[in-house]
Every structure is written in structure tokens, then in C-alpha cells.
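Taking the form predicted on its own, here's one chain by itself in C-alpha cells.
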């Protein structure tokens, strides 16, 4: 790899490239693909409601989990059956609990996260479904101790699996590849790209996996591949491109 070409056509010469994009995007930019004995499998997705309120509820901390009773059944619904949770388990985040400056005086920032099928598992009509599902989630929380939640929270944005896909995330999930046996640890797609010596990958699609600590570790591993003791010299594969073209 000798250069990166931006979406505006600017060519930037480089000695090395770290790609921290979605895994499928990284390989598409390189004109390559990971060598895998089985197809890649993606994690469930999430519907996220972003909004605000003038109220405070004692039950809400910075992060608060509201579990449904049918834990096993609902995860089968979203991970295997491609259906919405019949008894939702929800994460409510109130960042103003620890940083009041994130909202005007007298207001609270609220987000609600509901696990959902990714676009490979569930073929749901998200544009048509989103408004009703938003209301269902708000009323579910109102029934779990957050009195008035459905009426006193103003929702400004509803993010669905379709939204994630439009933002460039494969299978419409922000959680990348699932942590199955064949996609965990040494079996996760490597951070080196076969045949291209000075390109490495970082992010949740490569080793070691999803989550802030693993992603930070992936950045450290990427740096070590390029500058540290793990660096090895390999011949570029035949016909390999000498530049990568950005799509954003």
C-alpha cells in the first residue's frame, strides 16, 4: 500500500495504513476478503431511542437495566427467529446523572436501548414498524416503575437496524461479528491482511472483539504489527492494489 485516495479524489501518500472501519468495508476498500472456512455471523442489533425529559425518576442511575421475565425466550426470538422481543429487557441510560451539563437546566438526557434482530436474521419493515415499537418500549418502561415515562419523555430520534445499515454497518448491527466459537480469540478475523504487508485492521470486527477494552487492545495490536516486534515482511500478493480509495 502506497497511498490513500479520499472520496474527494485527494491522494495521500503513506508508509502504512490502519483501517478501523467496519470489517466488510475495510476488505471492500482493499479489494480483498478474509479467508474463512464458514461465513461470517453477525451479532443481534438494537433499537435505540434518544430523547430528553423534564422529570427525574429515582430508579434511574447513569445506566439502569430493566429485565423481562422471559430471558431465554426473548434472546431466541432476536438471535434465531428474527422477531422482536415479546418480553423486552431494556437498558435506559441517563448521562446527565453524572454530567448535568449535557442538558439545559431542568432537563435530563435519556436513551433507551432494546436488543433486536439484525437484518440478516429478521426481515422486518423498520420504517413502518419504528413509531409503534417506540411507543411500545416507552409504555413497557412506564409499567416497570417509571410512572409517566411514556408521556414525559420526548423522543428526538429512533435508531433501528435499518438506520445502522444506512450508516455503513454490516447486517444493520452496531455490535459487529458475534462471539461464536469460530469467531472468538484466535478464530476471529486477523488484524493483518493477507498479502499486504503495511495494512492492518483495528476495531470490533477483528481481534480480540467487541467492546471498548477489546477495541482499544485491537489498536495496540495494530500498532505493534506495524512498528513493534510482531512486524513481519511479506511480499504483496500478485495484482494487489497500491492504493485504497475512501468512500466517506
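This one's a predicted model, so the numbers in the text were calculated from it and none came from an experiment. Numbering follows the first chain given and starts at 1.
Below: the form predicted in complex with a small molecule, not depicted.
A single residue from the set 149, 126, 133, 164 has any heavy atom within 4.5 angstroms of the small molecule in the predicted bound form; that residue is 164. The contact with the small molecule in the predicted bound form, taken as any heavy atom within 4.5 Å, belongs to 210 out of 217, 223, 28, 210. Of the candidate stretches 196 to 204, 32 to 40, 66 to 74, 52 to 60, only 196 to 204 has residues whose heavy atoms lie within 4.5 Å of the small molecule in the predicted bound form.
Although the partner is absent here, residue 48 is a contact residue: one of its heavy atoms lies within 4.5 angstroms of the small molecule in the predicted bound form. When the small molecule is considered in the predicted bound form, residue 14 lies well away from it, no heavy atom lying within 4.5 Å. In the predicted bound form, at least one heavy atom of residue 113 sits within 4.5 Å of a heavy atom of the small molecule.
Proximity of residue 18 to the small molecule in the predicted bound form: non-hydrogen atoms within 4.5 Å are absent; the residue sits far from the partner.
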